[in-house]
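First comes one chain, alone, set out as structure tokens in the form predicted alone.
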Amino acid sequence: MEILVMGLNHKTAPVEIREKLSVPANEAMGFLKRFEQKRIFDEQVLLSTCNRTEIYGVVQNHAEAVDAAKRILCEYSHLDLASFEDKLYVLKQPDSVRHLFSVASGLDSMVIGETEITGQVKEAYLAAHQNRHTGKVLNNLFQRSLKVAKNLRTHTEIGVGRVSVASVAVDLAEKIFDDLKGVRVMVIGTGEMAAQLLKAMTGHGARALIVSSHHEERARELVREFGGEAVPYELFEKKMGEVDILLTSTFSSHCIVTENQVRSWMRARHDKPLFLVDIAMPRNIEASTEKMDNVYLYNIDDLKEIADKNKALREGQLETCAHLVQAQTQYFMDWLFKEFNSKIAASGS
């Protein structure tokens, strides 16, 4: 009896391969049914996200299981094995156990310490369990992986601080306004980075107010996605009395927001706090505005500096996390050894 994991991820395969081998949630159980019908594994769980596709299984014959699993991947993806075989990793215990614990804890993620993967591991396990694809071994393994993830977040700083520009902006805004629910956001510019910031803000309860300078159709797309209204660029200042957060992301060669403009807005706002995020290059907002009371200005370098510091803090926790994962791997392997020996003893009697 052996725990095996076979898969590929963002480190081993480009997106063109990952998307072919990605299994949507509504197809996951049908996918696992193929393994069950061919009796490849005694137990099995599929973990498929945008960054990885992994099959965890309990096997009796390692070599036969790997070959059969590769054939199923080829059938599902309609790819020749030669096009992705070198992208696959096959791990046996204890490496397979250690790998799952690292995955569930966010240590193997594109963004170190991210929490979304823990929920994805849990959902993958519960789906397999509810459809009777798991038994005692994988039940214990996946339940333990979730405990390991929780333990690492409790005893290390692997999840401390935001590590993307958009999430850093949200953190800063929440420090100013306490809660973003009902806070009004205006965007001047409709680029991808502006959309990411808007998504992060509205995802935390802020209300969107879209402004387009030259791309009216793109503004309407953002309105359809996030709500709010598209306002002609020449009218944006008339809306500033309603705005708490202003995001700027245009290709203008000169400042489109001056210190004098902001002073007039603040008088009309009775000095109510105003959060300015300038992610344009060259900058859209005069730097001198940050000296004004109740005006909080951050540019792209400010946000990136905070994100990089947080990233470095997380990376500094990797060695500690690795020791904790290793200890938990040994704990699980001790349990598995006892379980295996008890089965041998029972069959001998």
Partner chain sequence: MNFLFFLAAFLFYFVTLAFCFTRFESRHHPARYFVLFSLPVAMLVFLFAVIYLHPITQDAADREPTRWLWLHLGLILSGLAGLLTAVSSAMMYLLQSAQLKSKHLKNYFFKLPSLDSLDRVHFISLVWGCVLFSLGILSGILWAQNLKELGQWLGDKKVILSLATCLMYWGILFLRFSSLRRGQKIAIGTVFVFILLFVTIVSSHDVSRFAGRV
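Take the two forms, find the largest set of C-alpha atoms that superpose within 1.5 Å, and that set is the rigid core. Residue numbers count along the first chain shown, from 1. Note that this is a predicted model, so its numbers are computed, not measured.
We do not show the form predicted in complex with the partner chain, though everything after this point is about it.
The stretch that touches the partner chain in the model of the complex, counting heavy atoms within 4.5 Å, is 291 to 299, out of 57 to 65, 31 to 39, 291 to 299, 319 to 327.
Out of the listed residues 259, 114, 244, 157, 157 is the one that sits within 4.5 Å of the partner chain in the model of the complex by at least one heavy atom. Checking 193, 126, 79, 176 against the partner chain in the model of the complex, a heavy atom within 4.5 Å turns up for just one residue: 176.
Taking the partner from the other structure, the partner chain in the model of the complex has no heavy atom within 4.5 Å of any heavy atom of residue 237. The partner chain in the model of the complex is not approached by residue 304, whose heavy atoms all lie more than 4.5 angstroms from it. Remark: residue 272 counts among the residues lining the partner chain in the model of the complex, judged by a heavy atom distance of 4.5 Å or less. Although the partner is absent here, residue 221 sits far enough away that none of its heavy atoms falls within 4.5 Å of the partner chain in the model of the complex. Core-superposed comparison between the shown form and the other one: the CA of residue 126 stays below a 2 Å shift.
When two forms of a protein are overlaid on their rigid core, residues whose CA moves 2 Å or more are considered shifted, and residue 296 is one of them between the shown form and the other one.
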